[in-house]
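Next comes just one chain, in structure tokens: the form predicted alone.
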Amino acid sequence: MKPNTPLQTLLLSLADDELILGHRDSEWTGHAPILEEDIAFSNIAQDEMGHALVWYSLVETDTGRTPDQEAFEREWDSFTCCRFVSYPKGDFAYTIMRQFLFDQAETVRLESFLESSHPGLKEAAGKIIREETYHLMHSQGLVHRLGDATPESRKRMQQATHMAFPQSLGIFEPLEGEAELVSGGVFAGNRSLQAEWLRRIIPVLHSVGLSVPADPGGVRDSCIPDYGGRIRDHNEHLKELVDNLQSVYRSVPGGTW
């Protein structure tokens, strides 16, 4: 089901990002390299899904469709998450880098929403940003610890950076009807948010010797943003994830739990 308004498009993109990344993070439960991170990523996954519930609940006020309907009854190719969150969890270095890049992007978005002309968006951002502060502290701390710890950790983190960075630009893929949201003061727009995000992440990465295929002035020709998710042009990774995510719910149509 395609969103009917630019605001619904924005809210569903936020909710879908959180739901899908939360599912990916949950895949580390029982598999993280140390117990501390096993627990941490399980908690982060739960938080991300809680944030998805907040955004889906705002969608419900416009559409009447419940969060369960949005999460479990839509087909995979109607989701509007960025492609970045749907890729397999990979090794732990990739997971750390994806989480850091996403956490910083989410922080920038939430800060923008605190100034929103939309009361519901503003209120929700005020609640979520408190938890997101701890997510960012955790992921950024791991980047600092592993970015320059040993030659092997630096190698893995550098490989993760070069893989994740172009993908992460898809977070800021322009939305359908975005100009209307910007002119109405709903949020600052993805171009502005991406610029602020770059201003924050690049010094962190450079501080531990990690290079990125972009600079603060913009994206180089060699770094092609991984766009498509916002217009529902997804890959098979999302199909497999959504099939798994919805399997229990769809096993008993109309069932209650």
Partner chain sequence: MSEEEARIWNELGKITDPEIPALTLTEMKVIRSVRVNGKVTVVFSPTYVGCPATAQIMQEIRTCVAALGYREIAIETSFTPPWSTDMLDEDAREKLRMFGIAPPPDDASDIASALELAVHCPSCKSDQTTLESSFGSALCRQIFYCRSCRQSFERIKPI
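As the structure is a prediction and not an experimental result, all values here were calculated from the model. Positions refer to the first chain, counted from 1.
One more form of this protein, predicted together with its partner chain, exists but is not displayed; see below.
Contact at Glu106, His118 and Glu196 by its partner chain in the predicted bound form, all three, heavy atom at most 4.5 Å: Answer is no for this spot.
Candidate from Leu210, Ile44, Val59, Ile201 lying within 4.5 Å of its partner chain in the predicted bound form - any heavy atom: Of the listed residues, the single hit is Ile44.
His138, His162, Lys89, Arg156 - the one with a heavy atom within 4.5 Å of its partner chain in the predicted bound form: By the 4.5 Å heavy-atom cutoff, the listed residue in contact is His138.
Location of its partner chain contact in the predicted bound form, chosen stretch of 66-74, 50-58, 223-231, 25-33 [non-hydrogen atom, 4.5 Å]: Comparing against its partner chain in the predicted bound form, the contact stretch is 50-58.
Its partner chain contact at Asp148 in the predicted bound form, heavy atom, 4.5 Å: No, Asp148 sits far enough from its partner chain in the predicted bound form that none of its heavy atoms falls within 4.5 Å.
Interface membership of Thr133, its partner chain in the predicted bound form, 4.5 Å heavy atom rule: Result yes; Thr133 sits at the interface with its partner chain in the predicted bound form.
Its partner chain contact at Gly184 in the predicted bound form, heavy atom, 4.5 Å: Residue-level check for Gly184: no, no contact with its partner chain.
4.5 Å heavy atom contact, Lys127 and its partner chain in the predicted bound form: Yes.
Partner contacts in the predicted bound form for 158-182 (non-hydrogen atom within 4.5 angstroms of its partner chain): Residues within 4.5 Å: none in this stretch.
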